[in-house]
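Given as structure tokens, the chain that follows is alone and in the form predicted on its own.
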Amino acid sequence: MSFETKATIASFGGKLLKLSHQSSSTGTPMNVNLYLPPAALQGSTKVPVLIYLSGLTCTPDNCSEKGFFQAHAARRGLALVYPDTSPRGADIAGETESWDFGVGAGFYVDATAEPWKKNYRMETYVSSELPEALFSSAEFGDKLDSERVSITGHSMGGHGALTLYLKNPGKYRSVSAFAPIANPVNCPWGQKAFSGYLGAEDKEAWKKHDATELVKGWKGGDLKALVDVGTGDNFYKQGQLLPENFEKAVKEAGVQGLELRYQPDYDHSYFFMASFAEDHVDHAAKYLFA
């Protein structure tokens, strides 16, 4: 698979590349941003990778422009991968009617319900197709270490990071999340998305995409998980995130390795994420360089 480079931007001594490629998973072109730190450009050693999953309505540009991850990734010698949040251009009726479903809101699941199941296959795209394409590409394969990958994300992307980590023990060295939708089967955002993508009838199928449910069966040892939630986050106050349910499930399962921090007064925005981006990059680096 070939990538088209649409822009190359100097950033903290490295390069932020805006890429596009044709996806076999979604059947559409997909945009992705890739940050190569100075270490990837100057040396012959492959660098580890941190995948960042964005939240509702976002594109690959939001966090790469406002999250300040590149500064910390440059210092630690990590590459950053910023996938898109859904297919674009599938031309499915109704996919642009809601900000929290359809375009910009793929929820990192493989849809099983019509008419979404042909194109809305973001779990396969993010966990398999995109990284494999990057690692095997002639342009980036000699720069990115496929054996050292961690994952992080914000809001819907925090849900994606936690669930993909829990569903694929050993694939990722660590996981972190900012304000994740941690128990989607019990919040309005998750219930809307899962009803549409997975069907309203089979609620048991929903649990396969819920971090709070998945952690109950976790057999992968120490979680290696960092989660930050702002106490001033209106979505947290409205019960969309439910990190307390995830924390309770972790404790009841006897699982170790979750650091859940409630940050006083912080909201759901990129101001919150930028404030703690360094901690999350350092968390990933701790395990990527172990």
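As the structure is a prediction and not an experimental result, all values here were calculated from the model. Heads up: residue numbers just count along the shown sequence, starting at 1.
This protein has a second form, the form predicted in complex with another copy of the chain, left out of what is shown; the following refers to that one.
Student: Is Ser20 close enough to touch another copy of the chain in the predicted complex, meaning at least one heavy atom pair within 4.5 Å?
Tutor: Contact check for Ser20: no, nothing within 4.5 Å of another copy of the chain in the predicted complex.
Student: Taking the shortest heavy atom distance, is His72 within 4.5 Å of another copy of the chain in the predicted complex?
Tutor: Yes.
Student: In the predicted complex, does Phe68 have a heavy atom within 4.5 Å of another copy of the chain?
Tutor: Because a heavy atom of Phe68 falls inside 4.5 Å of another copy of the chain in the predicted complex, the answer is yes.
Student: So in the predicted complex, does Asp265 come within 4.5 Å of another copy of the chain, heavy atom to heavy atom?
Tutor: Asp265: yes, in contact with another copy of the chain in the predicted complex.
Student: Tell me, please, which stretch of 42 to 50, 219 to 227, 57 to 65, 240 to 248 lies within 4.5 angstroms of another copy of the chain in the predicted complex when heavy atoms are compared?
Tutor: Looking at the other structure, the answer is 57 to 65.
Student: Scan 9 to 33 and write down, in order along the chain, each residue with a heavy atom lying within 4.5 Å of another copy of the chain in the predicted complex.
Tutor: Those in contact are Ile9, Ala10, Ser11, Phe12, Gly13, Lys15, Leu16.
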